[in-house]
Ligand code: IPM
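This document opens with one chain alone, in structure tokens, the form predicted alone.
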């Protein structure tokens, strides 16, 4: 019996390509694991009206963690048009399966390392090494939205003075998305940012919000950060507005260690930080809960490249590294990180985004050669 049971969800497009690269790496490492294939993504939305079938949820609940490729996701109206004819007008509504998994399994913490590898010509600069902690289940991505706005919701909101200017707007012309924070959610993500900083000898944690305008939700995050900072006297707490943070990341990214933010702000700044170190081809992430975690590259499914093994698999291979760390396979995780760094530094085997002509598979094979040399 295998030591680990890992849900294997390739998803759509190049998700399948990069997962093949992950398999090359894991087979070389010899991780004692059983990989259980699950159905997820756009094809299952079109055929079944559900991009996250119940059979896949069952797999997730019966495994230790998940490795995830990429998914195609489209706006509500476009998604509706692509449903199979027999499913049209049956009440099916598309929602992102990755967001659904995060909420269903309470994967409350999204961690995205952004580290510049030596030899990567796409680096903004070589001394960037920061980590973004993003609250993963609340905020604007909680999914509490209304359109058209129900009469009872409108009446309840009209008791707020700021809603008076909307009193004559027809309900069908209003769309409302809620930004919901809980004190527990704020405390959890901030504590984990500080714990990571302490464990990895980082000097600062920067909380990224907008309390001067979004006073209640961002205000709660800032207040909780200040309390938790008092329990961590060796680590500086920096506070910044999200718009200013985007500017400072472009100007002085080397100044930052750990960033922590709510769901949407964390999504935005982590993509910006990823571009500073070479783009989404280098951007891995972990979605971490109390007893389960899902690891994925943060890029999309890039349908036009599907099956061509053209895209950079580094983010996927780094996601494997994060998974190994989480499983406690520290030695293999460190060796894999070193192997990735060697391949990038040598700049000999590389995909098109780095000016090369090699396939995703060839990059993975070069990484495992370097792994075996260590």
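If you're wondering where the values come from, they're calculated on a predicted model, not measured in any experiment. Positions refer to the first chain, counted from 1.
Although not depicted, the form predicted together with 3-isopropylmalic acid (IPM) is the subject of the following passage.
In terms of contact with 3-isopropylmalic acid (IPM) in the predicted bound form, the residue from 117, 194, 141, 181 that brings a heavy atom within 4.5 Å is 141. Taking 204, 96, 275, 241 one by one, only a single residue has any non-hydrogen atom within 4.5 Å of 3-isopropylmalic acid (IPM) in the predicted bound form, and it is 96. Heavy atoms of residue 102 reach within 4.5 Å of 3-isopropylmalic acid (IPM) in the predicted bound form, making it an interface residue.
Under a 4.5 angstroms non-hydrogen atom cutoff, 3-isopropylmalic acid (IPM) in the predicted bound form lacks residue 210 among its neighbouring residues. Taking the partner from the other structure, 3-isopropylmalic acid (IPM) in the predicted bound form has no heavy atom within 4.5 Å of any heavy atom of residue 257. The shortest heavy atom separation between residue 112 and 3-isopropylmalic acid (IPM) in the predicted bound form is within 4.5 Å. Stretch-level contact check against 3-isopropylmalic acid (IPM) in the predicted bound form with heavy atoms at 4.5 Å: of 133-141, 146-154, 85-93, 211-219, the positive one is 133-141. Along 256-273, a single residue, 267, places a heavy atom within 4.5 Å of 3-isopropylmalic acid (IPM) in the predicted bound form.
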